[in-house]
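The chain below stands alone, shown as structure tokens; this is the form predicted on its own.
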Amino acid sequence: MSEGKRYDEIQGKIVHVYDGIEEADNDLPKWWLWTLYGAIVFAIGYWFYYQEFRIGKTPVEAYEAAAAASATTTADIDPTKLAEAATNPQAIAAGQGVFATNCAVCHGDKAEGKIGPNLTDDRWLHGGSGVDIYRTIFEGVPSKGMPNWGPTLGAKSVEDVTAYVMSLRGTNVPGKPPEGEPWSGDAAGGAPAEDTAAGADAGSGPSAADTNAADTNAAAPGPASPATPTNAP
């Protein structure tokens, strides 16, 4: 082993030589040192902020709080609100973005169906009304491999996706063959269109009782008019 101190153009200052192996001793780059120091300071601050003093929520706590906040029930779904969202370009565009990120892997980029069913035809496995679609997305169908997206996406995003899927009904994009039962309903996804029309016809005209009452009033004699006196010749 030999000791020597010399300067190499590539390695810099040489402080040790052993069996032909040279050991250099150079200062680390300033930017590297400041990155290290900054990481140490950040780690200490992070530990005190989240662990020691519990000022902020940890990522797990934040996720659990968000999941609890978004885990609303589907009992009070407003079909009229869903129908309005299905004609709102902003809601449809937002839903399309969420669909592309979370749903396209199973249903296809155009909702034509892959692992999951085709969402553009007139057949539905779990109901094709707006309320049915919302509930299927929110609660999921574990037996079919459909996750419950409600806690993950939140009620607003589920509503947007529902609006997007409702806007696709009947577009019949070529893809996976139809599955489920046929469905034909109103825009809100409540009763079928023919039932809605029948209800509208039933309630559009006057009732039988009203008609009979009107006829009775028309037929009833009114007070006699006074006789016009006549002048005898």
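Just count from 1 along the sequence shown to find any residue number. A quick note: this is a predicted structure, and the numbers were derived from the prediction, not measured.
Omitted here: the form predicted together with ligand HEC. The next part is about that form.
For this session: State yes or no: in the model of the complex, is some non-hydrogen atom of A85 no more than 4.5 angstroms from a non-hydrogen atom of ligand HEC?
Result: Contact check for A85: no, nothing within 4.5 Å of ligand HEC in the model of the complex.
For this session: Answer yes if any heavy atom of K110 is within 4.5 Å of a heavy atom of ligand HEC in the model of the complex; otherwise answer no.
Result: Looking in the model of the complex, residue contacts with ligand HEC do not include K110, since no heavy atom lies within 4.5 Å.
For this session: Indicate whether ligand HEC has at least one heavy atom within 4.5 Å of a heavy atom of A93 in the model of the complex.
Result: Judged by the heavy-atom cut-off of 4.5 Å, A93 is well away from ligand HEC in the model of the complex.
Exercise. Is G116 close to ligand HEC in the model of the complex, meaning a heavy atom pair under 4.5 Å apart or at it?
Worked result: Yes, G116 lies within 4.5 Å of ligand HEC in the model of the complex.
Problem set entry | Contact at R123, H126 and V141 by ligand HEC in the model of the complex, all three, heavy atom at most 4.5 Å | Result yes, every residue of the spot touches ligand HEC.
Problem set entry | Partner contacts in the model of the complex for 90-109 (non-hydrogen atom within 4.5 angstroms of ligand HEC) | Contacts from 90-109: F99, N102, C103, V105, C106, H107.
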